[in-house]
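Before any questions on how it binds or moves, here is one chain, the form predicted on its own, in structure tokens.
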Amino acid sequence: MLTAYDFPTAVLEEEAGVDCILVGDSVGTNILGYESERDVTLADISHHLKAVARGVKSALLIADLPFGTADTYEKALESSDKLLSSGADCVKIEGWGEKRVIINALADKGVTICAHIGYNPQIHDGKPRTFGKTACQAVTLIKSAVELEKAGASLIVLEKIPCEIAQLISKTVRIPTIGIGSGPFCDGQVLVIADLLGMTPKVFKHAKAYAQLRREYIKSVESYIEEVGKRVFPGAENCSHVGADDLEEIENLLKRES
């Protein structure tokens, strides 16, 4: 699973063969310049989801229910309907066992749901931190995963959970587990596409930069600025031309009209 927020990224991820594409509330901090994922609105998600959906052919398309849109069943159903009508196959809901009632009600309505436990950016606003280091918290996470599966979740994201606990969860539940900062024993993994491509100044511990596009991006723009300044670009190969006779005729016409 990878995030995507626009049509061209979705097309490339599809071409590469990614299984799931997530239009996450990470769009806020990665694309929209927001301070927090909590600032992302349903309209924001819907807008970017529609663009991504135009580029998706076979991947499972998942969309985040943003902050405040799944607090009650009524809100969650209305918000889910909006995202499903915008192209989503599945909606993602943050929260531990306390979300079981809402997830169960949505599942009864035929909504495909991705649960999300561990660190929840919408709920645990602030610096990301690991959950499940204590025995009590680890047991709560495992029980939450079981409860959300029973409630009707089709898959579950495990974020910033110790890999041993994530492994226990993956062995306990039958639905796929998707890890982020939770080790290699999950059934799948998810990354923010900007982190994978090296577009951010900092590489987070949970991520890996498979390219260094930030460096290449800046270098390319600098080269463009330099070539435009020196009139190297555009060159003859970048332009269309008229013949000398046509140019002479145009100049003569202009002289007669002036």
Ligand code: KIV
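Note that the coordinates shown come from a computational prediction; the quantities given were computed from them, not determined experimentally. Numbers follow the displayed sequence, beginning with 1.
From this point on, the text means the form predicted in complex with 3-methyl-2-oxobutanoic acid (KIV), which you will not see here.
J.: Which listed residue (160, 100, 92, 82) meets the criterion of a heavy atom within 4.5 Å of 3-methyl-2-oxobutanoic acid (KIV) in the predicted complex?
T.: The option sitting close enough to the partner is 92.
J.: Taking heavy atoms and a 4.5 Å cut-off, does residue 22 contact 3-methyl-2-oxobutanoic acid (KIV) in the predicted complex?
T.: Yes, residue 22 lies within 4.5 Å of 3-methyl-2-oxobutanoic acid (KIV) in the predicted complex.
J.: Do residue 111 and 3-methyl-2-oxobutanoic acid (KIV) come within 4.5 Å of each other in the predicted complex, heavy atoms counted?
T.: Residue 111: no contact with 3-methyl-2-oxobutanoic acid (KIV) in the predicted complex.
J.: Can residue 190 be called a contact residue for 3-methyl-2-oxobutanoic acid (KIV) in the predicted complex at 4.5 Å between heavy atoms?
T.: Yes.
J.: Check residue 155 for me: does it contact 3-methyl-2-oxobutanoic acid (KIV) in the predicted complex (non-hydrogen atoms, 4.5 angstroms)?
T.: No, no contact at 4.5 Å.
J.: Which one, 49 to 57, 197 to 205, 22 to 30, 217 to 225, holds residues whose non-hydrogen atoms are within 4.5 Å of 3-methyl-2-oxobutanoic acid (KIV) in the predicted complex?
T.: The contacting stretch here is 22 to 30.
J.: Though the partner is not shown here, which residues of 234 to 257 have a heavy atom within 4.5 Å of 3-methyl-2-oxobutanoic acid (KIV) in the predicted complex?
T.: Sequence-ordered list is empty.
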